[in-house]
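Next up: just one chain, as structure tokens, the form predicted on its own.
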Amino acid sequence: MKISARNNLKGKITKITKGATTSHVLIDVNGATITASITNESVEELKLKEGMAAYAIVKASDVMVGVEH
């Protein structure tokens, strides 16, 4: 797999929840859970299954920082 995104995190799919048109795919990356919202069609095309290895690929133009006061 070659992609231009620099933020790709390898993990394992822990849960897939399908909705009417969109699925929520939870990926465990070293103990942290990242949730991706993708189309049900993409889940089928990629043949995603719980327990399989997958990458969370983050494409963002901004990163914000917050602190508690």
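So that there is no doubt, residue numbering starts at 1 and follows the sequence shown. None of the values given here were measured: they were computed from a predicted structure.
Another form exists, predicted together with a further copy of the same chain; not displayed. Remarks below refer to it.
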| field | 4.5 Å heavy atom contact, residue 50 to a further copy of the same chain in the predicted complex | value | no
| request: Although a further copy of the same chain is absent from this view, report whether residue 24 comes within 4.5 Å of it in the predicted complex, heavy atoms only. | output: yes
| Does residue 14 make contact with a further copy of the same chain in the predicted complex, using a 4.5 Å heavy atom cut-off? | no
| query | Listed by sequence position, which residues of 10-38 have a non-hydrogen atom within 4.5 angstroms of a further copy of the same chain in the predicted complex? | reply | 10, 17, 18, 19, 20, 21, 22, 24, 25, 27, 30, 32, 33, 34, 35, 36, 37, 38
